[in-house]
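Just one chain is shown here, as structure tokens, and it is the form predicted on its own.
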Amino acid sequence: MTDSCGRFITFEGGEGTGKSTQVKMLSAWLEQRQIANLTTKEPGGTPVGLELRQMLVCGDKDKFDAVAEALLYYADRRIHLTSKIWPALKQGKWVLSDRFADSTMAYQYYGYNKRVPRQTLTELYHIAVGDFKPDLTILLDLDPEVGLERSLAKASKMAVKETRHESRGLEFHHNLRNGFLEMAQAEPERFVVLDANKSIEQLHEDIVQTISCRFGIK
């Protein structure tokens, strides 16, 4: 992987924090400023990733363990990077991703109450990703009870029920939130934490201000 001339922005957070909506709104804002960009997500940012997503976010929460989940997420991530993210960055595009590797650490380490060793996840990162990191990670922080209510309401309107993680229980989601906040505190140069308990428009303005300050865009 050579140095890219684009920017890689990731959106992280628990269930129901509004990541996908904010990714779309930021994409439109960048387009208005003639900044070429693409939006994507994990898992499921590629055709193969969509097959993996079906396994990872649907069905029984106990159909495989946390180690198996981590391996599947990193298989998806490697395919995502090599076939989509890195080529786009080399073309000078900005890439906006709904989740990346921080989610794997949060869900498989913190959420599961440290069921997958941190060192194992770190080694998987180096194998699949190397030294590459997002230029900016926007963490949308929200009370898990509020987020789960939002997420389940959204899922009720979907033909395919992507509720495998929602079914894990409130303790899991509190652990998840604490894990994200701990990671943000450890890397303040990369993370920006925003309060997601706002209107869609207010949160978008916070994100725009963050992007403007970080990258000098008006």
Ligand code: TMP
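Computed from a prediction, not measured in an experiment: that's the story for all the values here. In case it trips you up, residue 1 is the first one in the sequence shown, and so on.
The next section is about a form of this same protein that is not shown, the form predicted together with the named molecule.
By the criterion of a heavy atom within 4.5 Å, residue 108 is counted among the residues contacting the named molecule in the predicted bound form. Remark: residue 100 counts among the residues lining the named molecule in the predicted bound form, judged by a heavy atom distance of 4.5 Å or less. At the 4.5 Å threshold, heavy atoms of residue 94 stay clear of the named molecule in the predicted bound form, well away from it. Shown alone here, residue 57 lies within 4.5 Å of the named molecule in the predicted bound form, counting heavy atoms only.
Though the named molecule is absent from this view, in the predicted bound form it lies within 4.5 Å of a heavy atom of just one residue from 190, 53, 174, 150, which is 53. Heavy atoms of no residue among 141, 204 and 210 are located within 4.5 Å of the named molecule in the predicted bound form. Contacts between 12-27 and the named molecule, taken as any heavy atom within 4.5 Å in the predicted bound form, involve 15, 19.
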